[in-house]
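In structure tokens, the next block holds one chain alone, the form predicted alone.
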């Protein structure tokens, strides 16, 4: 699928119409730069995405929301909203450097020194340096404040020891931003520091974790006397929790992360698969009818997510902090991703195996969607306490 009728998005929003000049400009550039379908092999897929990232970055289409002084265009959240919709409708590859582009980059702008910004922001934007996020640990997943990885300042270096897990694409990363304890005896939110750790060193071991989808998207990362330059601290020493909370706002509220437009494209793929299965008799009439009911429900839910994202973009443009609203978009997105993956596999049925396709991949890979950035249960607690004012 290379292009779509833009009406698939559903009702137009007043501030982001389909004929908006920004959409027209981006749509024309995308039409002039067609991209091949993604390969199934994960390593090949990473290289494909990185090549596309560099193509877009070289033409000024990466990091549009970044300030102009850092290489972006300084666009507002509504323009960013349109950007995500257009690149999804053109079936372009997903971003390859999301941890750097969406998470660390903006956090570095908010908390980093001038030296760190100058050193790292250009490489994040260009895709020349890849990043991963070292937060979760084997015993500190959703309860991040219980983490135990430690760093001690020895001369001009931090010496880091500990273990991180569920580290997305760590095997491809040049750097990892690591949240660790730098104050002896500290507990919970106190005494934490956010460090930038080079991955390519003897003290860092990356061990990919094979998932039920067959991918090795996540990794364990072992830090054994890993070395970090003294000044590679994001924010203040001992104030890592503040930097982490800034990062989480970007992670849970970003329109690219919730990805409603890519979901709509995927839903059309479901419809195509269902139509073929009906035609060749793979699905009975009753099963096909059930599948269509599921798809109609998914379309409505994706439209709800789109409205939620649009509302967030409007509020952000007005200068309002989204805060816990990001947990709401994360929760809706995670549950939708799982149901959409199952719908695609159900629509394809056994026919995909006969044709040698991997249509069950979406079902299997989507199981982790309600765990990303805090489980759905954690998101519900945040919504209940901070948006609804319910007791803990």
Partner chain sequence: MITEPLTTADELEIRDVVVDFTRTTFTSERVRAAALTPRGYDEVAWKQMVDLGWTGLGIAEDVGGAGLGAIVQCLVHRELGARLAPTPFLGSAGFGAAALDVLVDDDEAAHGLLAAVVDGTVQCALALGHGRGWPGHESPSITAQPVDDGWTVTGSAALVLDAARADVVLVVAALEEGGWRLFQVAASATTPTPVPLLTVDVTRTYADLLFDHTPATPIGASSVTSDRVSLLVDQIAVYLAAEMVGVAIACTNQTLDYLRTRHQFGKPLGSFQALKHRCADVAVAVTVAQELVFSAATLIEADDFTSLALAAPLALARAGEVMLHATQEAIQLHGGVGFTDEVDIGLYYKRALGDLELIASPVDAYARMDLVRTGKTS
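Given the structure is predicted, the values throughout are model-derived calculations rather than measurements. Positions refer to the first chain, counted from 1.
Missing here is the form predicted in complex with the partner chain; even so, the following discussion is about that form.
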- prompt: Among 289, 300, 279, 118, which has at least one heavy atom within 4.5 Å of the partner chain in the predicted bound form?
  reply: 300
- prompt: Between the options 215, 76, 157, 271, which residue brings a heavy atom to within 4.5 Å of the partner chain in the predicted bound form?
  reply: 271
Segment that reaches the partner chain in the predicted bound form - one of 363 to 371, 34 to 42, 325 to 333, 57 to 65, heavy atoms within 4.5 Å: 325 to 333
Residue 16: touches the partner chain in the predicted bound form, heavy atom cutoff 4.5 angstroms: no
field: residue 25 within 4.5 Å of the partner chain in the predicted bound form, heavy atoms
entry: no
Non-hydrogen atom contact residue 308 with the partner chain in the predicted bound form at 4.5 angstroms: yes
field: Partner contact for residue 188 in the predicted bound form: the partner chain, 4.5 angstroms, heavy atom
entry: no
